[in-house]
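Take a look at this single chain, the form predicted on its own, given in structure tokens.
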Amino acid sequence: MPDEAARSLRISQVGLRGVVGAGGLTAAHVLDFASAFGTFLEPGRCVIVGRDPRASGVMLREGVVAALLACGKDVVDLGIAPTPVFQHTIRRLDAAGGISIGASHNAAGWNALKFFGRNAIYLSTAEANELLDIYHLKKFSFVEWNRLGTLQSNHHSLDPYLDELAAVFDFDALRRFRVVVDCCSGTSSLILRRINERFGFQFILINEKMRGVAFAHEPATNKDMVALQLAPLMRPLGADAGFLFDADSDRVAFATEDGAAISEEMVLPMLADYLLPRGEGKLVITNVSTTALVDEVAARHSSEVVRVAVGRQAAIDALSSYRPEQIAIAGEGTGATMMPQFRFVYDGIASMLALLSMMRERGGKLSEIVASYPRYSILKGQVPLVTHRIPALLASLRERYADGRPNVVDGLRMDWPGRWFHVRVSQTEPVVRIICEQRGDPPHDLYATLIELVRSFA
């Protein structure tokens, strides 16, 4: 375990993430990073803290709170709170920022600190670099005993968040759908149980009990997990749609009423298709690993796709380059999207409600909506990382596939008409990621060749 933990630890612009334990993510890391954040934040405003149900979250929360109080920050602790609710609360309370404790799609042994600024979105690259400098220099602005911050609990953040959802979506019309939701032992169960109670929805929840040590299954929002956990239930339960969330509710994947598991890559292009004709914004912001279907959808609406590096900071940097009214939607191929109606918070619950709204307005079955798009087949894999060989790997790939159109904004992406691949180093795990996509049938030969080439280096 110590060796595994050491290999998993990631300290970068993204923040702090790793397997909790000796040699990995430790209390010392948490104290130092939270102290750096307390030093980084402007004075005079509270800081929001929340976590997902992972067992290690209690320990991390204590370290985060102690460090912030030591920096003289007043802390509002939400307890276990979904990330979208956490972000809405930062904005509602006009807080200086917040630290969300949770590792999203990673297994139960992992945890992470995710940092948000006063605008309730992830730190920009410049802000993250400043935070990282403070962390490495360890020059923290601790205060005297009589200026320490105060701590208060706030366990009433769900209803204000639901009020914002209800102001955008027609809950009366959406109640008619029979929907199965796999909560993956995570925080989406808190939101969905409350929606059922307060608004009369009848979401059928599975794996809804929050667990800290062992989730009901791996919290991955991908087609394989949907096929294993959710899709087989659709026909027996007579569901109109099924949705699967990660542990902190910012990513979602789905299944159709006929029991088909749909790639998580479909979430963004479908929501772009729904939102582009409805608002002023004509830009779709996504990363270089996301399906090319989003380009076809945007072209259909005479809109533009802006592609950036993988990672939420790159998306935040791109958002800041445009006026909010220019943007229709931003997101990733992981099933995580941000809508302007919610001031660009990654929110899987809002994505689910938008897809249900799309079904209601088009009057068709979810399977029929999915079938209306051209078929793209995407393959994803990963290989353990050896950092010092990455430059040679990327140079070799670029030379071998010199007939393609290169994009080096993040690793190497090569494009041909109707086909592309992307090879990059993960920001959150010690692996090299390989993604290939083709219009029509899967690009099995290209994918197999790439996997072998990467393995030969890594």
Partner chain sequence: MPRREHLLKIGVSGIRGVVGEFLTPALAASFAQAFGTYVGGGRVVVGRDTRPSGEMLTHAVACGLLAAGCEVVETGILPTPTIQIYVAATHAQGGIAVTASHNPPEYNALKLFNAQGLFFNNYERAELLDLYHQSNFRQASNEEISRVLTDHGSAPRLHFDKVLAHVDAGRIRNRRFRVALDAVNGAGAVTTPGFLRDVLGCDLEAISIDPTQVFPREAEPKPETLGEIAALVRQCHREIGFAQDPDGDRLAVIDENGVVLDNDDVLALAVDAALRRRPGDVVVNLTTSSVIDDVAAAHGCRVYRTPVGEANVVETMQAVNAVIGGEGSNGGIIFPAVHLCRDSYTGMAFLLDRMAETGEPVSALASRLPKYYRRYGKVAYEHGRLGPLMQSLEAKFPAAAKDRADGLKLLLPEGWIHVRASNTEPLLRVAAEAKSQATVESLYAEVLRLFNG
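Please read these numbers as outputs of a predicted model, since none were measured by experiment. Residue numbers count along the first chain shown, from 1.
One more form of this protein exists, namely the form predicted in complex with its partner chain; it is left out here, but the text below deals with it.
S.K.: Spot the stretch among 180 to 188, 91 to 99, 144 to 152, 253 to 261 with residues whose non-hydrogen atoms come within 4.5 Å of its partner chain in the model of the complex.
M.R.: Answer to the contact question: 144 to 152.
S.K.: Using a 4.5 angstroms cut-off on non-hydrogen atoms, would A70 count as touching its partner chain in the model of the complex?
M.R.: Answer yes; at least one heavy atom of A70 falls within 4.5 Å of its partner chain in the model of the complex.
S.K.: Could you tell me if V425 has a non-hydrogen atom within 4.5 Å of its partner chain in the model of the complex?
M.R.: Answer no; every heavy atom of V425 is more than 4.5 Å from its partner chain in the model of the complex.
S.K.: Any of the heavy atoms of G21 lying within 4.5 Å of its partner chain in the model of the complex?
M.R.: So G21 counts as contacting its partner chain.
S.K.: Closest heavy atom of G404 to its partner chain in the model of the complex, within 4.5 Å or not?
M.R.: Because no heavy atom of G404 falls inside 4.5 Å of its partner chain in the model of the complex, the answer is no.
S.K.: Have a look at L353, L276, A108, L162 for me and say which one sits with a heavy atom within 4.5 Å of its partner chain in the model of the complex.
M.R.: Of the candidates L353, L276, A108, L162, A108 is the one lying within 4.5 Å of its partner chain in the model of the complex.
S.K.: L31, C46, L393, M414: which sits within 4.5 Å of its partner chain in the model of the complex by any heavy atom?
M.R.: Contact residue from the list: L31.
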